[in-house]
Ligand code: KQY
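In the form predicted on its own, a lone chain appears below as structure tokens.
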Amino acid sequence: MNTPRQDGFRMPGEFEPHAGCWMLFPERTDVWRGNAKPAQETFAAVATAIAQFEPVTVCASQAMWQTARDLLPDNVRVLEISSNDAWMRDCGPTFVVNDAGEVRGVDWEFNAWGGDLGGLYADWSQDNLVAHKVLDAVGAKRYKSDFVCEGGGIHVDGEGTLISTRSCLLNKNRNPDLSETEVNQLLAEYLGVDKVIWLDVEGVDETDGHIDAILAFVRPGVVLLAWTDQTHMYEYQECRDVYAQLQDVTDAKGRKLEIIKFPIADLPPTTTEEVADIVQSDDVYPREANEPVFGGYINFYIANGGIVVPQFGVETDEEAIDILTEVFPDRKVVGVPGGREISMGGGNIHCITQQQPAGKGTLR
């Protein structure tokens, strides 16, 4: 079977037109507090916000289908698709397009962010089927790869450039037998990119350093970089290290990147009350008190004509919206409260969504 590149396909930038958005519905009581009800309400608010701009499909298990249907507005489609948790960005397909407008998808191998060497839960078998099921629902041709990759670990500009972190894709808990050169070639073949910019970060979070918690492309040649001037925050040094690394790189077109600093909310750690009713299990990464909560505005979703960004109920909420309004002047910026709720589960709006690019056919 050919690779996407051999067939003339590439991964488009997230700012390119969409056919719609895919999400999963949370239900794990060992990840989400309050029997997952607060998370379900927040996910529904995110889906509702995105549905202002493009079609949204939320995938729910058989047990949760009716709950999801009752919670979501009528213009959001609900499909019965099982999963182990609710991170569509990471276990869902990576869509690719060609110049004729055909849409296909890459089905990466998924191992719950580390498999037996630090994976976040013991059973990821249903997550590893999500991409295939979504592509079947779309009616899109599927490229299956044995390469372990999560959508949150890659960002592309649609013009041949990909940015990722060595701590994630080159981690021994993802692809231990592949060299950096071999990973570069795989990314080139499956995503149609010409250059991979590798960043060195600490990678101490649950994802081992996903790029979508660090930066995002506004358009080719321009990135937003998560940034804080608060010296007590654990991100303080990392954002400076990344900024320094980006000074020395050019993209696939030979351009130096324009870097726009973008705030990180300074949030208190998880409280005893917030984690009190989370079911503790040996099979899942523990959710405990006094853990950092990432205030990641950078984890926003780009929709057709819109930007959907988490809000945390702090002063930097308005600053984040103002910057997004300035850098995306042709899109309406919508803030969704409850960003802390998603962050406590391990990610945010970008992590729980996956865009399907526009092309032949529509969301079915």
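Quick note: we count residues from 1 along the sequence shown, nothing fancier. What you are looking at is a predicted structure, and each value in this text was computed from that prediction instead of being measured.
One more form of this protein, predicted in complex with the ligand, exists but is not displayed; see below.
With the partner omitted here, the stretch from 161-169, 253-261, 99-107, 203-211 that lies within 4.5 Å of the ligand by heavy atoms in the predicted bound form is 203-211. In terms of contact with the ligand in the predicted bound form, the residue from 218, 183, 79, 120 that brings a heavy atom within 4.5 Å is 120.
Between the ligand and the residues 142, 195, 287, 133, the one pair within 4.5 Å by heavy atoms in the predicted bound form involves 287.
Looking at residue 20, you'd find every heavy atom of it more than 4.5 angstroms from the ligand in the predicted bound form. Although the partner is absent from this view, residue 11 stays clear of the ligand in the predicted bound form, with no non-hydrogen atom inside 4.5 angstroms. Residue contact check for residue 152: one or more of its heavy atoms lie within 4.5 Å of the ligand in the predicted bound form.
In the predicted bound form, residue 235 stays away from the ligand, with no heavy atom inside 4.5 Å. Residues of 328-354 that come within 4.5 Å of the ligand in the predicted bound form, judged by any heavy atom, are 345, 346, 347, 351 in sequence order.
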